[in-house]
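The form predicted on its own is given below as one chain in structure tokens.
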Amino acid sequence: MKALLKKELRLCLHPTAPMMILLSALTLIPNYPYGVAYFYLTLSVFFICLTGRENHDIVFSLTLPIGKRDVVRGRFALVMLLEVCQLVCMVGFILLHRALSPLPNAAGMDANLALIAEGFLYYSVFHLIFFPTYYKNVSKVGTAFVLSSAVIFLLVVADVVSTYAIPFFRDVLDTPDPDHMGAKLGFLAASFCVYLISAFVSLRLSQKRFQRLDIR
């Protein structure tokens, strides 16, 4: 895994990835749907896969002494590393937001712990849609991204609506920290578990589909 991740970082990491991670700074904007920041990271994953297609990364990877399953595992390792980096960066900007402007967000979830939990959920949905679709046919990376991004934007809309329409989100999760920290920590733990399960399911499904794919 260390060698696979090293290869992904050196040969496949797109220059936009660090920029998209830094777009966690969107949490500093008042009354903004902060879930959009998670979408931008999925955009960088699209660029990684698109550039890999143009540079024949899949063909190159299959010439290495690794199997098809390892090729998929390496890409998952890179993406999950980027996601963790964004969430860590998000924590820093949330703390900065609270110091600069503790006012509530009128366009969705506040900059708080629940927003980090939502990040795990956004990534979970992205994993389950993008990767199995992509590894079914690696030449159609655009199809995988259109499908996954459409669902991500529906989640952003659902986030905004839920903070007004669903009492648990409105009165418990969409509150400034440290209010209701017990419920927020529970939401975070549940979201993290969903994230791990979705990554495992998506990885296995992607590996099976990629195994059946005829690379020419």
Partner chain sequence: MDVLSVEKLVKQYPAFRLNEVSFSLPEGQITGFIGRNGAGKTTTLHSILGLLAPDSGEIRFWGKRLSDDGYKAKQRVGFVSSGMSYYSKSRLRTITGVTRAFFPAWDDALYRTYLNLFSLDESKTPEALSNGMKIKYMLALALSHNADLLILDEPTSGLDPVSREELLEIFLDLKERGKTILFSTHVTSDLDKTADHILYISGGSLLADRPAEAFLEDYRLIRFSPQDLDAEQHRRILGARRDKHGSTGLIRTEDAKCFAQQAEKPDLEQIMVHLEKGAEA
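As the structure is a prediction and not an experimental result, all values here were calculated from the model. Residue numbers count along the first chain shown, from 1.
One more form of this protein exists, namely the form predicted in complex with the partner chain; it is left out here, but the text below deals with it.
Heavy atoms within 4.5 Å of the partner chain in the model of the complex are found in exactly one of 175-183, 147-155, 25-33, 63-71, that being 63-71. For the candidate spot formed by L11, N55 and I215, every residue has a non-hydrogen atom within 4.5 angstroms of the partner chain in the model of the complex. Looking at V59, you'd find a heavy atom of it within 4.5 angstroms of the partner chain in the model of the complex. Along 143-175, no residue reaches a heavy atom to within 4.5 Å of the partner chain in the model of the complex.
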